[in-house]
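Just the one chain here, the form predicted on its own, laid out as structure tokens.
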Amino acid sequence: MLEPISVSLESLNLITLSPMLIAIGGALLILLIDLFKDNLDKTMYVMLTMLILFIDIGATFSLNINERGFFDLMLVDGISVVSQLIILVTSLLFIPLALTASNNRFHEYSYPEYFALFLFMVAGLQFMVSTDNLILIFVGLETASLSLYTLIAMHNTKGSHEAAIKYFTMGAMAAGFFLMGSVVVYATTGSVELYEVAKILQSQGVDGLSSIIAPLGGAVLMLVAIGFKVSLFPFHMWTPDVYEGSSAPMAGYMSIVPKIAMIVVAMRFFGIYINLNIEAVSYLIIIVSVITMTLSNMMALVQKDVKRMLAYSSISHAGFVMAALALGTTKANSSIFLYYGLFMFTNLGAFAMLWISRHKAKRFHGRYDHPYEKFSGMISAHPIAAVIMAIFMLSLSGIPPFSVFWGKLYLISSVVDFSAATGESKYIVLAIIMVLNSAVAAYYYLKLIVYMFLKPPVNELNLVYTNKSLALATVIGFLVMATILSIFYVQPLMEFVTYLVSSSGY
């Protein structure tokens, strides 16, 4: 007769689950409130969601580093904490934009289900970055993805429905490749716990060709899955269409939060191969990242719509980050989080500026909502808006001393330092490619500044801006101030991130 297994609450260490439980509990609370009292103003749901996110941030800060919980499925390390903070802060900046939308057109924000789904998505993303169990990563991935598909479709336009279907299709393919990669890893090692996988591969040895084929196959399948989610070549073609069909704030949110969650998964998974000195995986990631950043920059150069340009630029930024991820060093991984922390304010601000200039009808182009001509002469009509948009563009282009420049500098310097430490000059070539791509990217960002400051208005329609709400002005004001002031705190931020990452063992 089998003896019953006794499990104490103390041994489960449920505090490691607290950030996710807060988000899930908040989502259920919103649904319950709507069940008993419907037709409440959306302002209440916005404020409640922001309160839940504030509490979630506090719970994340209170976590102890390098602890496991809930049958060792949950992993609280520095990477988990810093990535959750990026996710939560970006979410906190996104939600107030709902107050700027009128119910007659952007009616998705008037539904309490929208905010409940948003919190479920946040919880799924937090699960992804807070575990090294492939099954739980998949559960978090699907929870976040299914919620995000619905949030996009709730925009309820022809473009948003198309975007949701495309994103769902690509997401289903990514999920399939993720599962196949996980199956190969399990078949090879007998475990889905990445820390156990690392130990088993280390003990088995990966010196010969026969011993490396199966692990390498799992890495390739996982790279395809991550490529779909992070928008790496050649799995990036859905991104411009999905961003174009989504609302501008949602597109800005998608360019940051789901990607940082998947990059953390890539960091944990590919870190195993990098630590085992399986150079084929590192080279494969570098090749994909170089092609991604180069081709997306080429495509961004010829775009006629600012929103699609920003979509291709976000693909380029993802390739830029993946090049550093292939190194596996503490400085490279730390630079990735610093980069996305600075990129978060700038890119969300750029998309918010598109939100401020939205129109129901396509007034300037038969297809596009935000063609470059729409911004012609903005400096004379809306000088403050033009200056703010210029700051965001200068920062995204990586021109000193604006914030994203420092993120790019640390990423490139991590490649140079790695080359110096290993004595392999080919990584200097990678650094040069990254610099050249940054120079190319500056062209299409500066192109918008030329239209705003140097070209005359096309017609009087350029003077129309449909949204001047206090909420939007507050969010954009905070984003531009964060973009500017972060310049003076880059070093402390880097030290904070390095401390967390170095304590994680990745």
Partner chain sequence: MENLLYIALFSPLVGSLFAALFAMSPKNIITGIVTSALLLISFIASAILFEHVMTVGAVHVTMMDWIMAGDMLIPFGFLVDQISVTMMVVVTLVSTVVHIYSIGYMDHDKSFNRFFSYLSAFVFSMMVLVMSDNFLGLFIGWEGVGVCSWLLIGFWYHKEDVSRDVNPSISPSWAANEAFIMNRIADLGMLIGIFILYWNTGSLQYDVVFAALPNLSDGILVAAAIALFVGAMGKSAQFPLHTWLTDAMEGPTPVSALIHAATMVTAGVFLIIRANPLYAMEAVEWVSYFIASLGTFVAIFAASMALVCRDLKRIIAFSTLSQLGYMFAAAGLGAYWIALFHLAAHAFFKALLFLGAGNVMHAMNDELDIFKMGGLKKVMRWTYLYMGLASLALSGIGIAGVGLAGYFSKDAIIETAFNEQNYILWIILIVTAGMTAFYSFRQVFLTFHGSKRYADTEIHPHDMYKYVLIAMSPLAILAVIAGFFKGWFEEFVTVLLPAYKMSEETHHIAWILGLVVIAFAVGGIVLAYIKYNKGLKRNEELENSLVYRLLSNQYYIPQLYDKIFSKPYAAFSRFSWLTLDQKIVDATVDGIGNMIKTGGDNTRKIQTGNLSDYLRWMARGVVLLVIVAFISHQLSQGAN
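Everything numeric here is computed off the predicted structure, so don't read it as measured data. Positions refer to the first chain, counted from 1.
Omitted from view is the form predicted together with its partner chain, to which the following refers.
Proximity to its partner chain in the predicted complex, taken as a non-hydrogen atom within 4.5 angstroms, holds for one residue of M170, A198, M434, L85, which is M170. Residue-level contacts in the predicted complex: of L216, M254, A116, V89, one residue has a heavy atom within 4.5 Å of its partner chain, and it is L216. Remark: of stretches 474-482, 436-444, 27-35, 42-50, the one touching its partner chain in the predicted complex is 436-444 (heavy atom within 4.5 Å). Contact check for V81: no non-hydrogen atom falls within 4.5 Å of its partner chain in the predicted complex. Although the partner is absent here, D72 is not a contact residue: none of its heavy atoms lies within 4.5 angstroms of its partner chain in the predicted complex. The closest non-hydrogen atom of Y312 lies within 4.5 Å of its partner chain in the predicted complex. Contact annotation for E279: at least one heavy atom lies within 4.5 Å of its partner chain in the predicted complex.
Contact with its partner chain in the predicted complex holds for all three of F233, D241 and M299, each having a heavy atom within 4.5 Å. Taking its partner chain as it sits in the predicted complex, the stretch 173-195 comes within 4.5 angstroms of it through a non-hydrogen atom at M173, A174, F177.
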